[in-house]
Structures are given as structure tokens and as C-alpha cells.
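Okay, so here's just one chain, in C-alpha cells, the form predicted alone.
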Amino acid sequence: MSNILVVQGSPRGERSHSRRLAEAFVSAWQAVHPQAQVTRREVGRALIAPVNEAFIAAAFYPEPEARPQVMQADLTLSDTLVEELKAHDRLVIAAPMHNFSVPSGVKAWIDQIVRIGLTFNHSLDNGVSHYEPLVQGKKALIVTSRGDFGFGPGGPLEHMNHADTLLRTVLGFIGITDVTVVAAEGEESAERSFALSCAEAEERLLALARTF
């Protein structure tokens, strides 16, 4: 049985389009998988601590099994988020584009789950770095909204999209390479154009819920 982790990254509540679209998908997905577990992790409207010096010192401690207890305390949230990610085989990230990238809460979540020895390994071979992803067997869906049109593949503004492209890179780095992106575009354009884009995105999500 599949279970799903939903990371809500918008700082807006009911006004959030990415949040609404993601929840529409989850409801449809639950109808197909009524016994499955759904876990929601709020990172847009709840504080996710940014990485600081104490976190870095603890995460890169040379002997993790001998890490001092005070250092272990600095990794408590990160450990929780990593275990949460690993416990689910489906991941949904709902995150609008903010200034061409992801909201700060989503970036903080990323920094907490990309952990050497837990979600990736690093080694040196004759001075050359090698990275090994440690998260396997998962699929991810990114639900996003954008202020203008053309940020998707082949669009005139694709080169300015550092939002879902960043998420694809990060997820691939830790081992999640089966990633689907569904976007609603044009929130700052004509109201009807954006409404049509949202409707198309929702239709795609409802269809995807049957196979995801």
C-alpha cells in the first residue's frame, strides 16, 4: 500500500492556489487509495528553522555515532523530517514560485532533509567527489503556481524558473528521480486566463491521481 507525504509550502492559507490544487489531488488520490496514510507537513505557515552553524557542525561531525548529545539536539528537527520523508513512498510538494524560486519555508525544509549519511553519501576518489543518493523507490509530484505564463519547458521564461527546477535537482540528488510537475500559470495576468490555467492543472491532477 502506498502512503503519501504532502509538504505545503505556501505562506498563504485559503488564498493559496498551489495549496488548493494539491489538496484536490490528495482527495482524489485518497479515493483511489482509501486505506493509505496521508501525512501533511506544513512549511509555509509554520516555522522551519534555517540551517545555522550549530546544525552544520553537528551534521558534519566526523564520527556521527559518537556525536555529543548537545550536537544531537541540534539535529532533532532534521532527523524527524528525514524519517518522515523516508517513511512515505509518495511525495507531494505544493509550492508557488516566489521571485523565480521557492518560498523560504520550502528552502528551509530542503536544507533540513539533504543530510550526508542519511539522504546522500559523499566520497573522494583521487580527489574527485562522488555522490551517492540514499533515498530510493519514491515518486514525487510538484504542484506549483506562477505569476506569469511561459515558465515551463520550452517557454520564453523557462530560463528564469528556479523553483520546480530547483526541487527536481534536489530530489534527484537524494535519489527521487520520478518527478512530475503540474503548474497553474498567469496569476498576475487576466483573471479568465489564470482561471483556465487552474482548471487545466486541476484536470491533470485528478487524472494523475488514478496512476500516481
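Residue numbers run from 1 along the displayed sequence. Quick caveat, the model's predicted, so the values are computed rather than measured.
One more form of this protein, predicted in complex with a small molecule, exists but is not displayed; see below.
Taking the partner as it appears in the model of the complex, which of 97-105, 74-82, 111-119, 128-136 has residues with heavy atoms within 4.5 Å of the small molecule? Correct option: 97-105.
Can you pick out, from G175, G147, P50, P64, the residue that has a heavy atom within 4.5 Å of the small molecule in the model of the complex? The residue in contact is G147.
The small molecule contact at S197 in the model of the complex, heavy atom, 4.5 Å: Output for S197 is no: heavy atoms all beyond 4.5 Å of the small molecule.
So in the model of the complex, does any heavy atom of R15 sit within 4.5 Å of the small molecule? Output for R15 is yes: heavy atoms within 4.5 Å of the small molecule.
Are any of the heavy atoms in W29 no more than 4.5 Å from a heavy atom of the small molecule in the model of the complex? Heavy-atom contact with the small molecule at 4.5 Å: absent for W29.
Evaluate E188 for contact with the small molecule in the model of the complex, applying a 4.5 angstroms cut-off between non-hydrogen atoms, and reply yes or no. So E188 counts as contacting the small molecule.
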